[in-house]
Structure formats: structure tokens, C-alpha cells
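One chain follows as C-alpha cells, the form predicted alone.
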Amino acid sequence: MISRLSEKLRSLRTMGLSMAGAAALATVMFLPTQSAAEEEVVILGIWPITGPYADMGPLLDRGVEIALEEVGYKVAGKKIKYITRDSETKAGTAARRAQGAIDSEGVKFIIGPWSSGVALAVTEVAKKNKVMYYFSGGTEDITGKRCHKYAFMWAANAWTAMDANLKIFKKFNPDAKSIYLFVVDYAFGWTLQKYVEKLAPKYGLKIAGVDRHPLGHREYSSFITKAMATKPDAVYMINFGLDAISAVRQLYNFGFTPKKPVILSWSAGVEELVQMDPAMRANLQFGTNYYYTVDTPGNKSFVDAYKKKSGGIPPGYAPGAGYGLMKMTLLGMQKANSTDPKKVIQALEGLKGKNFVGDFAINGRNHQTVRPYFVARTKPEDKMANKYDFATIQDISSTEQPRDLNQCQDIGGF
């Protein structure tokens, strides 16, 4: 760049311009680019395009796209430049790419990734660079012991989700005494397991056993054999995506379901259910941060827009999260009438309102979005109105995590 500018200046001098005049003209040549940068805000979506959650990346991105189309890619008087990077579901890769995008593109806001373990790396990048960050996932640490002024959580708190799941399971299975846990072995699984173990006695349940498995695990026969030997009243799964689908299929093949229920405690909803045969998904209960039948005007609009892009398939949790993360980020800019991260953060703290999933409030103390968590039970095939009529929502819980369990002692300042 410097050598090209020097050549330009020499060329201008040969035309009889003074050095000062040439430098002034050269400076003017760069003003439109600088001005354009000042008139746009850059938002990074860091999604799993490859790796264990690669199937979710495009769905998350599609939800984001709908939110941006609703505002015409403009907010607070500026154009929105939305860029993406592949997290690969690797903490180090995601952190490097987030930092690179901040350095090269001037990113001021980040949403994503998908994995809680990866999010714990990205949130540190946001804190270091004073970039606002909105995440949706199962770890409590974003709004717990790793909380900071620049980070927000869109998904319901893990305590809220596990409490809702256990409550509905006990309601429909009042004689149940025990559950067996399958847990994915990283931050997401550890958090949810902790709260299931804390809450189970409240509902008269004991933990018959626990098996942890790595992300991307596909062979559950040894776990299922151990679980069935304890004669639990349900298998309670704390995993996600293809891990959950594989486990449900094998539980069916072993004859555990549909005789006994399986609980998908943090489910992708449509994205998982559509990959299961009706017989396999019989007698399932699932908890999720989003389900497409939520009865709000905003959700009906989102579902209609999504179906147009997906060939009629309704959205599950992934596109719902992408849409929700971007909607909340844009709402902060609209309320602040600014794209300055500090002003947007201040506008979001303590904010209450209604959005496509229902009533919400952002806790200013820890930046947790307090919003509904949905628990549903699957329908028999003969009760389905159409091929996507998988389930009926049984409970909508916004019960906030008790304050004494939250580890965000001081969210800090700017």
C-alpha cells in the first residue's frame, strides 16, 4: 500500500503538482473508504461450518439472515456488514478467527458459536477487545463465574431448563423413582448434569447411574446395557444433535423405548426429531429453547419467513437461536440509537419486553436473558396433523435460577 501511494505521488509531481498538493489529493482519494467504514457496523457470526456440529452452522446462519432482512441490513443509521467465520467446534480455532476478524474487519459485535466449550474461549476474546458478545448455549459460566460486562446469554439458564424437564417428567410419570444419565463430556454437559443432580431429589427422583461420552460419540450399546441393568424409569440425556439421535435410535433397538420414556433435556427440536422414525421418537420428552409452534405474532412471522427459505421445513432451535441472537443485538442498537458496544450494552441491561419466544428480561447483574424454556412431548404418528407436527408443548418455564446458585459475583465495568 505504501509503495503504491509513493508511485502515485511521483506521478502527480510529474504533472506539475507540489508535494503538498499531491499529498492532499492522495488523502482525498482515501476518504470515501474511510467514510464508508464509519457508516457501517460489522457483526461477526462465528458458526460451526465444519466439525461435529457442521450440520447446524447453515441453519444458524439462515436464522440470522432473516433477522437482518427484517431491518434491511440497517440499524441506528448505519449499514450492517455481517461476516462469518468457521468455529470448527474448536476453542483455539474459534478464538483465533474471532480475533482475526476483529483485527482485519473492525468487528464490534459477535454472536455464536454453538458449543459451550468454544464459547468460553470466544467470550475471553470479546472481553479483551471490548466487543459485545451474545451466546446461546448450555454452560452457566457465561453468566456465572466467567461473567463480564461485554457478554450476554440468550438461552435459558441451565437450572431453569433442568427444573422444567424434571417437573414435567414427574407430572406425567408420578410413580417414577429413578433416572439414568447420558452426558456429553464438556462444559455444556457438566453444567446440566450438576443441576439434574441437585434438582432430582426435589421431584422424588434418584440418579441410578451416569455415563459420560465424548462429543461426536456414536456407539451407546455399553451405556444402554449398564442403564437397563439398573431398571431406571427413564434415560435422561444431556447431549445434542447427532449424539442424541444416535442414542435414541439405539435405545429403541435395545427395546428400552417406547416402553419407557427418554428425556432429551436440551434438544434441537425439529432438527433432531425429523431424523428419527416415528416409532423411535415415540414416548420422548424434550426440552428446548425454541419450538416453532410458540404462539406469538413475532414467531408466526419468523416461521413463515423461514419456511420460504427451507422448502417448507419449520425452524428448530438452531435457526431460532441465530434469529434470536441477532434480534437481541439489533434491539440493543435500536434502543441505544447507537452502534457503540458500550452504549448498546447499557441499553440492554435491565431491558424488559416481548419478542418471538415471549416475555423476556435481561438481568443487569449477570446479563442472563430470562425468557421461556419449552418442554414438549412427542405425538403418536396417528395424532400428527402433518409430517412436522412432532409434539405438543407441555410447559413454558421462565423460573429464574436462584440467586445463591449464580456464580457471577461482579460483572465488572468497561
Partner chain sequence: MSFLILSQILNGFATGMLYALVGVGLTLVLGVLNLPNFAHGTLFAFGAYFTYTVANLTDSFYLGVLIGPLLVVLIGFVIESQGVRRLYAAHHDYQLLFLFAIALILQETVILIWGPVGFSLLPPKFLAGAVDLGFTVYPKYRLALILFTATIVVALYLMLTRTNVGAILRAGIENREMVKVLGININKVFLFTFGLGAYLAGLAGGLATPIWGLTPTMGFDILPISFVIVVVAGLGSILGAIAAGILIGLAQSLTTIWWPEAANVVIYLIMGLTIILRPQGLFGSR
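What you see is a predicted model; the values in this text were computed from it and never measured. Positions refer to the first chain, counted from 1.
Keep in mind the form predicted in complex with the partner chain is missing from the figure; the text below concerns it.
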| item | value |
| --- | --- |
| Interface stretch in the predicted bound form with the partner chain - options 322 to 330, 200 to 208, 221 to 229, 166 to 174, non-hydrogen atom within 4.5 Å | 221 to 229 |
| In the predicted bound form, the one of 276, 75, 336, 294 near the partner chain [non-hydrogen atom within 4.5 angstroms] | 276 |
| Contact assignment for the partner chain in the predicted bound form, among 131, 234, 305, 242, heavy atom within 4.5 Å | 242 |
| Exercise: residue 340 in contact with the partner chain in the predicted bound form, heavy atom 4.5 Å | no |
| Any non-hydrogen atom of residue 312 within 4.5 angstroms of the partner chain in the predicted bound form | no |
| Residue contact check: residue 384 to the partner chain in the predicted bound form, 4.5 Å heavy atom | no |
| Contact of residue 82 with the partner chain in the predicted bound form (heavy atom, 4.5 Å) | no |
| Site test, 55, 212 and 250 vs the partner chain in the predicted bound form, non-hydrogen atom cutoff 4.5 Å | yes |
